[in-house]
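Just the one chain here, the form predicted alone, laid out as structure tokens.
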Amino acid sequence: MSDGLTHAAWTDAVRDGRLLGGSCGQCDTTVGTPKAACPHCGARDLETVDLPTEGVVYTETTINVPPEGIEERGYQVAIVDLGDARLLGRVDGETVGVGDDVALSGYTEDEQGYTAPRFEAV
């Protein structure tokens, strides 16, 4: 049985400038956010691993119709390929495109305390 990455531990790591994920002991899949089970094989043996803080933009989009409670419009989000895992985050600074190198630049936190990573071009 694994130590199980909790949302609180993942959030604390993001706030500290680190990225944590879970690596499946059965099929070697790595995920970039806390999961109760491997999304590939369903195993519950996910070991907490450090993920790189730099990666490549896998895909991106600009949010012009934000979720309820967020007033900002026209911000960019990207799914960043970190090697073994992919992670969604906001993009700071200049606009990035698919294939661009990015690095963790901080985090954003909503009114309910939910934290998400932010990336910027490198």
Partner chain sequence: MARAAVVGAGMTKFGVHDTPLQELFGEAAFDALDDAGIGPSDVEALYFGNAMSGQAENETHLGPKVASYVGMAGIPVQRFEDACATSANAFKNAVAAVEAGVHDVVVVGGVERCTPETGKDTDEMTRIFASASHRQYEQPAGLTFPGVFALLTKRHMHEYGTTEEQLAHVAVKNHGNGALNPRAHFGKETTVEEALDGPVVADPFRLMDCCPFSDGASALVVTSEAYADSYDAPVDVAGVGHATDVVPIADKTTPHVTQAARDAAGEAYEQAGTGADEMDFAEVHDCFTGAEILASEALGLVADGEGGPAAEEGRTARDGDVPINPSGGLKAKGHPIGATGAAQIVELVEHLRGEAGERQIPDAERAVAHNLGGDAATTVVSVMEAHR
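Positions refer to the first chain, counted from 1. All of these numbers come straight from a predicted model, not from anything done at the bench.
Absent from the display: the form predicted together with the partner chain. The rest refers to it.
- Taking non-hydrogen atoms only, residue 46 never approaches the partner chain to within 4.5 angstroms in the model of the complex.
- Contact annotation for residue 121: none of its heavy atoms lies within 4.5 Å of the partner chain in the model of the complex.
- In the model of the complex, the partner chain sits within 4.5 Å of a heavy atom of residue 60.
- Residue contact with the partner chain in the model of the complex: residue 64 places a heavy atom within 4.5 Å of it.
- Residues of 87-122 that come within 4.5 Å of the partner chain in the model of the complex, judged by any heavy atom, are 87, 88, 89, 90, 98, 108, 110, 111, 112, 114, 115, 116 in sequence order.
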